[in-house]
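In the block that follows, a single chain appears as structure tokens, in the form predicted alone.
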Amino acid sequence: MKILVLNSGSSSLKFTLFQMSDESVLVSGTFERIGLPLSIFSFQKCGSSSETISANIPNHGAALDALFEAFTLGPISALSDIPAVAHRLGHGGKYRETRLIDTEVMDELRKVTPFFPLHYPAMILEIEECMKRMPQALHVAVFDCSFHRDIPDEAAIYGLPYRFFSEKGYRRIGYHGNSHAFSAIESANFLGRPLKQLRIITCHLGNGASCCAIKHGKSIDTTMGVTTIEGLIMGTRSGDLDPGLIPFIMDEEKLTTGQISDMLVNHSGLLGISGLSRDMREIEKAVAEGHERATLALKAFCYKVKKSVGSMLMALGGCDALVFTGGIGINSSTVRSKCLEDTEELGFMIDTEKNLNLVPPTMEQPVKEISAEASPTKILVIRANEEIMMARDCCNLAKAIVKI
């Protein structure tokens, strides 16, 4: 069975085509700058070097047309060779597990779009356009929040009137689930121990960031909530803040709800604190040059991760493995070391030389260890493969449907 995995952004589309018999990648790539001049289409076929093409890609439908044309010139002879497509989504509303997309699912996605105004319009458009072009395929929604569906009520509930929890479903949802799940599985494989025996803390650190406490293979807590703003300081998102501050800022700045939301999502975090960039590489470069606000942004980011790791440690009652993943997690030795400063007595002992000289993990070798020999907790750096987790979920559902 071949599975196509699609991940849409407001002006981007990532894709991977898997051969599920051996989980090999037949072709993968990205569309960038969709709807802008000189859109970029980059792709790599199995056994070939990467290719990049500049083209006019006005919308996601045009991106799919270009993608499918490229497919039929290489890994497949016709779109009918692909029986199922996995579409990445964050929050499924009342749906919390991988599900076949139908009218009811699409209606639910539209209901939750106000929570994700930047992402969901493009995701919904991509699904609609793909279903038009591949009517014969099973279209499957794979939700980022699915891994967190077992978080207990006491960890999920907010201190609001109970009706918001019971009637509206406002609870800790969590995201980056495929990344956290993959990291947990690979940690168990690396340690040579059953996942059901382990307590793992995973730190997905990138432009979006979250920590997760995983006990015996299940997520029991995570830092993101109903939306993707709560928790850690991120590239442009604020993370946790005093909710009582929001109405004061709105009054002082004469902001609408849309404007305050835009500020929290697009103009806060590393960018808002530093005044320079959302990119940690640029932040670290500015820190080396003595930039005070960049230094504060770096310190605040790492402190928030460190604090969250501590809360996850208490929730788990111990930790067998701590994982860094995501773009920042696998590439920044500075962030990894600062997140674990002065935590040796808590069991997190990092090997400075291993950390500084780490060659980032690859898809072929996804796990690297940076813990000191005497460290009670294994400290791992893992390159997450969220796409294969999505493909597996999609494949399992497709097989079950075909059997029925």
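Keep in mind it's a predicted model, so treat the numbers as computed, not measured. So that there is no doubt, residue numbering starts at 1 and follows the sequence shown.
Only in words, not in the display: the form predicted together with a small molecule, which the text now covers.
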Please identify, from 238-246, 324-332, 121-129, 217-225, the stretch that has a heavy atom within 4.5 Å of the small molecule in the model of the complex. 324-332
Have a look at 278, 304, 172, 96 for me and say which one sits with a heavy atom within 4.5 Å of the small molecule in the model of the complex. 278
Report the residue, out of 231, 269, 177, 208, that has at least one non-hydrogen atom within 4.5 angstroms of the small molecule in the model of the complex. 208
Give a yes or no for residue 320: in the model of the complex, does one of its heavy atoms lie within 4.5 Å of a heavy atom belonging to the small molecule? no
Does any part of residue 392 reach within 4.5 Å of the small molecule in the model of the complex? Heavy atoms only, please. no
Might residue 14 be said to contact the small molecule in the model of the complex, defining contact as any heavy atom within 4.5 Å? yes
Could you tell me if residue 284 has a non-hydrogen atom within 4.5 Å of the small molecule in the model of the complex? yes
